[in-house]
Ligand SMILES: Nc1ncnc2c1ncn2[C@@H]1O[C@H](COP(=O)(O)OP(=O)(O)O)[C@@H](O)[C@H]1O
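Encoded as C-alpha cells, the following chain is the form predicted on its own, with no partner shown.
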C-alpha cells in the first residue's frame, strides 16, 4: 500500500481584513501519495496558495486535520520538521535568496538544518547538477535569467533533501523558455528522483504531466481525477472559470464542425497524432 505523504480532512481557513472575514478554504479534503505528482488547479482566489501554505506549515490550521510526512500539522512543535520535509518554491525566486552568491545561498539553508560542514560542498554540487545549473556556484542569483533564478531557488530546496516539493505558481513570472526549463526540471525530479511533487498553478498546460489533478473553486474541491479526466472536461473547467488546454479546445472546435477525432488530445504531440490519423 502506498504511503500517504499528505492527508488533509475538512480544512477550512478564513482571512480577516478590515473587520470582515473572507473564507478562503471550506471543508477541503485531499490525499497525496508518496511519489505522486499532483497538480492543484483553480482560478486566482480559489484557495490554491492558501492550501499550499498549510502543507508547509506556513499557515496554522484553523479547522480540520492535516498530516504531512506523518507529522501532525496542528502541533507547533512539528512546524520546523514539516518545513524541512516539505520544501517550497515560490512565485518570485528573488524573495528566496539571502546571499549574493549561489553557493552561499544554498549553504545557508543547509546550515539552518544543521548539515555537517563537511557535507555541504557535495550537497551543493549535487543540487546544482540535478537542476541543470552546475558551474553557477560563484554567480550572483540576481544576475541570472528568471528561469535560472527559479532553478537556483529549487536547488536550495532540493539540497536539504525534502520528501515533498511544492511549486506555488512557480512559473508565473517566467518567459516561455524559463517555463519550459523549469517544467523539464520538475519532470526529472519526479521521474528520476521519485520526489512527491505538488504543483499549484492556473496554467492547465502544465498540469498534463500530473498523475492526479485536484480542481479548486471558491475554496472547495470541485473535482479530483487523472489529468485526462479533468483537463478534457470542458464543461467542468468552464464552471471553474478555466479554459482547457489548447489541444482540448481544438478537439471540441473540430467536433462542432463535424470532425471527430478518435480521442481528445491533451498535448500538442497527441493532437498531431490524431490529426495525422484522420488524414491517412
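What you see is a predicted model, and the numbers here were worked out from it, not measured in a lab. Residue numbers count along the first chain shown, from 1.
Beyond the structure shown, there is the form predicted together with this ligand, which is absent from this document and is the topic of what follows.
Heavy atom within 4.5 Å of this ligand in the predicted bound form: which of 249, 62, 65, 44 fits that? Just give me the one.
Of the listed residues, the single hit is 44.
Residues in which of 250-258, 232-240, 44-52, 27-35 have heavy atoms within 4.5 Å of this ligand in the predicted bound form?
After filtering at 4.5 Å, what remains is 44-52.
Given that this ligand is not shown alongside this chain, does residue 10 nevertheless sit within 4.5 Å of it in the predicted bound form, heavy atom to heavy atom?
No, residue 10 is distant from the partner.
Determine the residues of 4-23 with a heavy atom within 4.5 Å of this ligand in the predicted bound form and present them in sequence order; the list may be empty.
15, 17, 22 sit within 4.5 Å of the partner.
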